[in-house]
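Consider the single chain below, provided in structure tokens and representing the form predicted on its own.
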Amino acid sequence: MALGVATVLLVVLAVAALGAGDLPLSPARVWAGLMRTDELAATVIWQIRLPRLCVAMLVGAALSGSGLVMQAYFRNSLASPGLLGVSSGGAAGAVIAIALGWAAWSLWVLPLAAVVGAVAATGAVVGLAHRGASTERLLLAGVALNALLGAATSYVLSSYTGIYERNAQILFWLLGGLEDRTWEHVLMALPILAAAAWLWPLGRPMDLLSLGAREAQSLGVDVRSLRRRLLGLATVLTAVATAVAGTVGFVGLIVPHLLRLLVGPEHRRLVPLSLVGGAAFVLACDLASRAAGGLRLGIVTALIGGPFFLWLLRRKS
């Protein structure tokens, strides 16, 4: 039932996204454009709006799924890729690749650089977790890691002040957005579909892991292998999403937590719901950013996620 409602909401938002813009299109014209029976609508939809829509849905599903994995891994609803520095690591890797000119070599250099940055940030967080750090210390470490990576990114930006095109690209990754997305960016984001397909069957093992490592092991779960797979999937999802849309924060915190409040803690239901709900959330934020006169997507999600995180901290305390 909940998955059906989320899917209907996603379809409604998708139609609204295809119709919104400098040339407003009614649902009938959107359909005509998709079917290529309206030449003008078809050009606008297939060349401009549909690639942006696909990237938005893939990024939303990736960040929400990654946040759900992080919360299951650390057994705490405050964990998310953005708060723990994984998103900043992916952004730093992408920014360095842009600044050094590597991104011009190949379409795949940018996502690979983002994956390397995200893996390094994940390694730092996991190292702290294995040393028995509390959730509060992990969050503080995430703040410090975000600050360190932000400083590194600012240094790279200031060091390449004479190259306007690279600076514009770097600012895009720092603020996050979906402007000027093309079918090449959709192709770049396709690994998200593979990672989501691998994540879908892990709902039951994640339920057992939430009981504790010893309990899950006694019930037949290979906890070490499961944790490696979860962290690998979370890192790939976050890195690829960052590579195609820049730093978009709080999606992985807001969507899984709200869905957990609505449908309960069972991951077999939360995994597909988080993927669909994340796609719908980012689409809604993108529509809000366009309605606000082109406000960047990362700013919109931060305006929503910041107060939500403060409320969550107050509720937990």
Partner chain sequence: MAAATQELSALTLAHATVPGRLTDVSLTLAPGTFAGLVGPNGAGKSTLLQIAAGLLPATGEVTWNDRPLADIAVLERGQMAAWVPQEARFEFGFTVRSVVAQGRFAHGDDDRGVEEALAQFDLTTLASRPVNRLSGGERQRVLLARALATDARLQLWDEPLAPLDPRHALEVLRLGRARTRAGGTLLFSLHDLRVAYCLDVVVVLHEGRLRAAGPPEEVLTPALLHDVFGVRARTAPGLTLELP
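Positions refer to the first chain, counted from 1. No experiment lies behind these values; they were computed from the predicted model shown.
A second form of this protein, the form predicted together with its partner chain, is not displayed here; the remarks below concern that form.
*Asks:* Note which of Pro111, Gly142, Gly177, Pro205 lies within 4.5 Å of its partner chain in the predicted complex, where distance is taken over heavy atoms; exactly one does.
*Replies:* Going through each option in turn, the one that passes is Pro205.
*Asks:* Of Ala104, Ala151, Ala194, Leu219, which residue is found within 4.5 angstroms of its partner chain in the predicted complex when only non-hydrogen atoms are counted?
*Replies:* Going through each option in turn, the one that passes is Leu219.
*Asks:* Tell me the stretch among 182 to 190, 234 to 242, 80 to 88, 220 to 228 that has any heavy atom within 4.5 angstroms of its partner chain in the predicted complex.
*Replies:* Residues of 220 to 228 come within 4.5 Å of the partner.
*Asks:* Although its partner chain is absent from this view, report whether Glu39 comes within 4.5 Å of it in the predicted complex, heavy atoms only.
*Replies:* Flag for Glu39 set to no.
*Asks:* I'd like to know if Pro27 sits close to its partner chain in the predicted complex, meaning any non-hydrogen atom pair within 4.5 angstroms.
*Replies:* Pro27: no contact with its partner chain in the predicted complex.
*Asks:* For Leu211, is any heavy atom within 4.5 Å of its partner chain in the predicted complex, or not?
*Replies:* Yes, Leu211 lies within 4.5 Å of its partner chain in the predicted complex.
*Asks:* Determine whether any heavy atom of Arg290 comes within 4.5 Å of a heavy atom of its partner chain in the predicted complex, and answer yes or no.
*Replies:* No - in the predicted complex, heavy atoms of Arg290 and its partner chain never come within 4.5 Å of each other.
*Asks:* Spell it out for me: taking its partner chain in the predicted complex, does every residue among Arg75, Glu215 and Arg268 have a heavy atom no farther than 4.5 Å from it?
*Replies:* All of them do, each having a heavy atom within 4.5 Å of the partner.
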